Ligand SMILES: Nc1ncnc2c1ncn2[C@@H]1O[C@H](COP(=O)(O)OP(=O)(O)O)[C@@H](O)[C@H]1O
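Shown below, as structure tokens, is a lone chain in the form predicted alone; questions about how it binds or moves come after it.
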């Protein structure tokens, strides 16, 4: 069963529904409205800011609330001068037949590769000069030297990351509609951890609240060890949807996730993202081989084998999948990581008890747990007086009571 992603379900219908960046959105709205009085001095606007702040969403909402056509082109996909000239050039000069107007959106102009995309910058500058309709460009890094001519030709508008003041009401409203109970502390943690990236925030709260319809600090603490160079969901999307070895390998370059942590994410989600049994069999076989390489590396420190493990768990999985997933299938948090996070306090407590026993018995903490904890547990259950004597002697009465009462619940 497919589930609608919250990033789609709760996409703003108008620009006033967008959380945060009110001043920037009003500036863009005024510039667009100024076209009704003739072409303004700046015929293009450059929306810039980090990924996930809503650059594309704001543009789409402004077109939708006016009943305009939206001509949207991702400059990182279709960025040669010839293609841009045919698509964006025609869209900027030809009149509309049925709608009230048109908004042209060129996404990710900072993705232009001057070595491969000869003429792209020149063509975009010509489009800006000739356009009869508002033209919006977006960029993550507006200070990239190669797009300096575009920056100078545009009205520059910065969109900032979602903050707690605007983010809390939005997230609480969404979770209320979904019947999810939460706390302000948990939501603040996610906003901070995802650095105001609204796409990642919505993906995270949908993932973490899916099991028990709750979102608490215990749930969001599962994210505490995750790197944010790139959302883990984007990394997995690249792996499960790549059609070439080179494309799948790119997943490693856009994330700083620990390699074995990434392995757990891929292993957990493979059965859901790869629908055909024979393709899943090949993917799991590649992951099994990768796991053997990781085990060999841990045992012998043979780090020259790492490249084989990484290729198997990324490219091996990618080429095994030939059938696209039907609809949107949400990513699932690895159960092994989830379980380890939930039992971290218990394991820490058990380790402290082992250290206390080891100091009295002159053995290692691990050996103490193996040899003596079963006997202490037996005394705890069958001879409270004897257990009391042992606990006092070990100087660990509180820790033993806490540990054993939790384990024997």
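As the structure is a computational prediction, the values presented were derived from the model and not from experiment. Residue numbers count along the first chain shown, from 1.
Just so it is clear, the following notes concern the form predicted in complex with the named molecule, a form of the same protein that is not shown.
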query = Are 242, 282 and 317 jointly within 4.5 Å of the named molecule in the predicted complex, each by at least one heavy atom?
reply = no
The listed residue (64, 34, 56, 359) that reaches within 4.5 Å of the named molecule in the predicted complex by any heavy atom is 56
In the predicted complex, the residue from 120, 266, 198, 309 with a non-hydrogen atom within 4.5 Å of the named molecule is 198
Within 4.5 Å of the named molecule in the predicted complex by heavy atoms, the stretch out of 64-72, 374-382, 26-34, 45-53 is 45-53
Q.
Although the partner isn't part of this model, could you tell me whether residue 331 comes within 4.5 Å of the named molecule in the predicted complex, counting any heavy atom of the residue?
A. no
Is residue 390 close enough to the named molecule in the predicted complex to count, meaning some heavy atom within 4.5 Å?
-> no
| query | Do residue 170 and the named molecule share at least one heavy atom pair within 4.5 Å in the predicted complex? | reply | yes
*Should residue 19 be classed as touching the named molecule in the predicted complex when contacts are defined as heavy atoms within 4.5 Å?*
yes
Applying a 4.5 angstroms cut-off on non-hydrogen atoms, the residues of 293-314 near the named molecule in the predicted complex are none
